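Only one chain comes next, encoded as structure tokens, the form predicted on its own.
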């Protein structure tokens, strides 16, 4: 079973180490960063399932980091850690799309229960679906393990990037696939040049899918793409 990967950004070295060791003991994969600047670089160079951010940090505070994260990923769950329980902080955090708050000191058991609830609610279905390797839509049968797309008697051998992109679209059939999410999962970086490369592969997939005009990849301008069956 695939592990959930968590980004922990905490400037208290002792607490950060305790968090990392406890969560890894409970089966999570973790990356620990000591300040907001490092946390930002790490987030944009890897793919995570959830972020745990301390609010009060040097160089870049948790709220600033959360704003940067939300620019590139609107969906990833964010849990804030705060040393003070202030209504203003809570309101600002939820305005930024926080999924939960924990006020220090907190118990590790409470943190674990909250993380499980958030992950079950937000990414649980994606994790379950992520094991799927065969898809049927319209006249197409797609086998991602073989990198083959079939339509009628015709067999199309896909490139690795075409295959990975079509699988993500298929897993999210009828729903928008966020551009940044796709770039980080496939190219591991959502840079401008990789974004242009992804556009090229979207164009190639659209040519393959012309064999059934009811199956289309729609562009959601400024956000992503959606694989749909037209009525």
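In this text, all values refer to a predicted model and were calculated from it rather than measured experimentally. Residue numbers count along the first chain shown, from 1.
Keep in mind that the form predicted in complex with the DNA is missing from the display, and what follows is about it.
**Student:** So the DNA isn't shown here. In the model of the complex, which residue out of 107, 159, 136, 103 has a non-hydrogen atom within 4.5 Å of it?
**Tutor:** Flagged contact: 159.
**Student:** Using a 4.5 Å heavy atom cut-off, which stretch among 25 to 33, 41 to 49, 55 to 63, 191 to 199 contacts the DNA in the model of the complex?
**Tutor:** It is 191 to 199 that comes within 4.5 Å of the partner.
**Student:** Any chance residue 213 has a heavy atom within 4.5 Å of the DNA in the model of the complex?
**Tutor:** Answer no; every heavy atom of residue 213 is more than 4.5 Å from the DNA in the model of the complex.
**Student:** Can you work out whether residue 204 and the DNA are in contact in the model of the complex, taking contact to mean some heavy atom pair no more than 4.5 Å apart?
**Tutor:** Because a heavy atom of residue 204 falls inside 4.5 Å of the DNA in the model of the complex, the answer is yes.
**Student:** Just checking whether residue 219 would be counted as a contact of the DNA in the model of the complex - the rule being heavy atoms within 4.5 angstroms.
**Tutor:** Taking the distances in the model of the complex, the answer for residue 219 is yes, it comes within 4.5 Å of the DNA.
**Student:** Hey, in the model of the complex, does residue 185 get a heavy atom within 4.5 angstroms of the DNA?
**Tutor:** Judged by the heavy-atom cut-off of 4.5 Å, residue 185 is well away from the DNA in the model of the complex.
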